[in-house]
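As a starting point, one isolated chain is supplied in structure tokens, in the form predicted alone.
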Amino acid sequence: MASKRQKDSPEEEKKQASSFPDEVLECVLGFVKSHRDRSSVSLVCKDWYNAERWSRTHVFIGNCYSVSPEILVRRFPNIRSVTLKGKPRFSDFNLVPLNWGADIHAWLVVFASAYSFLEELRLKRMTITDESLEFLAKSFPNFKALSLVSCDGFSTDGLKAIVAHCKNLTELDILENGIDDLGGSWLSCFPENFTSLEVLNFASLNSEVNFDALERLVARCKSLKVLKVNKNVTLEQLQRLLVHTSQLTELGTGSFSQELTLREYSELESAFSNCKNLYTLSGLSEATSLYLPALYPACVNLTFLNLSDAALQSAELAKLLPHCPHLRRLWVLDTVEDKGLEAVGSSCPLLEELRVFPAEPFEQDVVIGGVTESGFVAVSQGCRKLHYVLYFCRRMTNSAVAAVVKNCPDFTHFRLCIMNPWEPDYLTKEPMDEAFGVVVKTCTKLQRLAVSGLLTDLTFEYIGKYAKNLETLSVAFAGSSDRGMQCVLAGCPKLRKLEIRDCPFGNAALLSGLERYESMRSLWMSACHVTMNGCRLLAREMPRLNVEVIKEDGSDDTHAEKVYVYRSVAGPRRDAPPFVLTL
């Protein structure tokens, strides 16, 4: 019998790995889409590093200060598409001051010299001025796709420059931005011979649009697949648009508040009947039971229904959902109440993602309405494939959460937001520790977790012990002592983002992560018990980290009110405003 082949040495394995011809290796790498996988490939050997370097065309940067544009263009010379995130996520809650940074312009200047062939730019929580948008429009002749999500600094004048100069534009996606809306005339700046648009989303803009220009644009863009209009587009106007867009796969409607004649309603219903390819439907502002039936024919193939702008009642939702047999994702307001969520449980067996948002997020004294633990349990009983939940409510119980995860043990994202800080189990008056304990014990695939309610350090002991695949943790108004944060940092090996606000964690908790922060993307702490001396010690011990403290007017000189820690290969940022201290 022939002897078994001996295992190759590491040197021989590397030599064999690098023996592929460059053309073959680059062809193989073309099938590797994951950023993580491509990064792993680049570590195999020098040949693979070079092949991955030259063949990569898209780059994702989760923190615009983790690397400089100069370093990026040296590392990857052939990038066509860039996705870039800027401010910390808590900027969505107004916790990051204006003029904090994350300005895109310095990146664009470098890209103009190194990536003149750039085609796509996708920004989130970045600052981009009208001047930058004009520079972008005039510097990249092959530019095709612009996506701005939660960005600020620009106006509709900047959009005019984009649509007037980007002759090959296929995508313009403007979502939830702090935009200075100067009117809808920007739509008339598309050239009359322009026909390439495939995605147009201006749902978050407030002003009235130039509808004649919009209708002409939609009519001549035969490849348009995604159209999301704002609330100023009426039902009659929507019907006129749908006549030209039977090929749409995603639609965001305008307002449903208009009164229609029988003829107009019939025409609207007919237009929706022709939308056989819709997979995503959103908008429906002010939708009521009067006009919802017109939508039913277009719902047959829907996989995503976004009702976060539609204050539907339970009866209206219950009538709509049976027409959506393939629904995988559902976003609703808590106006649907528990009865509406019961309808979700009975009508949506394929549902994988549920988000329930508060209709009145800043109203503390709501007594009637909203959703409770019973609606949450009802969804879990009927939707056993559920693995992503964002659930805003004003009360919850440990037993209800236990029932939910027993029914749906495959959660990867579990974000429970009990809106009243320090709210206990309203039946037993006990902390919500056991609820989140059962989540991390049961849901072994959990990647993202947001905790809320009255929580002691026991919750964080559970997280550290059981949440071995956790990547993002968001904490607010929780914990008893430093031990809570220490348990998380010691026990969650895959943790990448840790977001903490209004918790009793101090220097001991902060410094317990010395061995972890370089493997994480970022740490945010605000309104905790961290001091300037603690932050200085962290910066001294970890010189490759950027440790930033936001000091606003009137803040205590010894207290670090807002701390942002992140790894960077570019060193301290050069554009920090005076109120950001880099230690």
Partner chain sequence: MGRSTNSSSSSIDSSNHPSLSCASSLQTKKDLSTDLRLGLNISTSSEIDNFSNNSREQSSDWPPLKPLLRSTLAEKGSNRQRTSYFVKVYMEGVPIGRKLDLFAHNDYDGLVRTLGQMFRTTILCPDIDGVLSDNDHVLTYEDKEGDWMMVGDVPWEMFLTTVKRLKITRADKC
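Quick caveat: nothing in here was measured; it's all calculated off a predicted structure. Positions refer to the first chain, counted from 1.
Same protein, other form: the form predicted in complex with its partner chain, not shown, and the subject of what follows.
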property	result
Contact label in the model of the complex: D309 to its partner chain, heavy atom within 4.5 Å	yes
Interface membership of G183, its partner chain in the model of the complex, 4.5 Å heavy atom rule	no
Its partner chain contact in the model of the complex: N193, any heavy atom under 4.5 Å	no
is_contact(G252, its partner chain) in the model of the complex, heavy atom dist at most 4.5 Å	no
Which of 68-76, 86-94, 137-145, 293-301 sits within 4.5 Å of its partner chain in the model of the complex, heavy atom basis	86-94
Heavy atom within 4.5 Å of its partner chain in the model of the complex - residue from M396, L330, L333, C408	L333
Proximity to its partner chain in the model of the complex, single hit among P421, P322, P349, P493 (heavy atom within 4.5 Å)	P421
Non-hydrogen atom within 4.5 angstroms of its partner chain in the model of the complex for each of E52, A114 and D575	no
Neighbours of its partner chain in the model of the complex among 343-363 [non-hydrogen atom within 4.5 angstroms]	F357, P358, A359, E360, P361, F362, E363
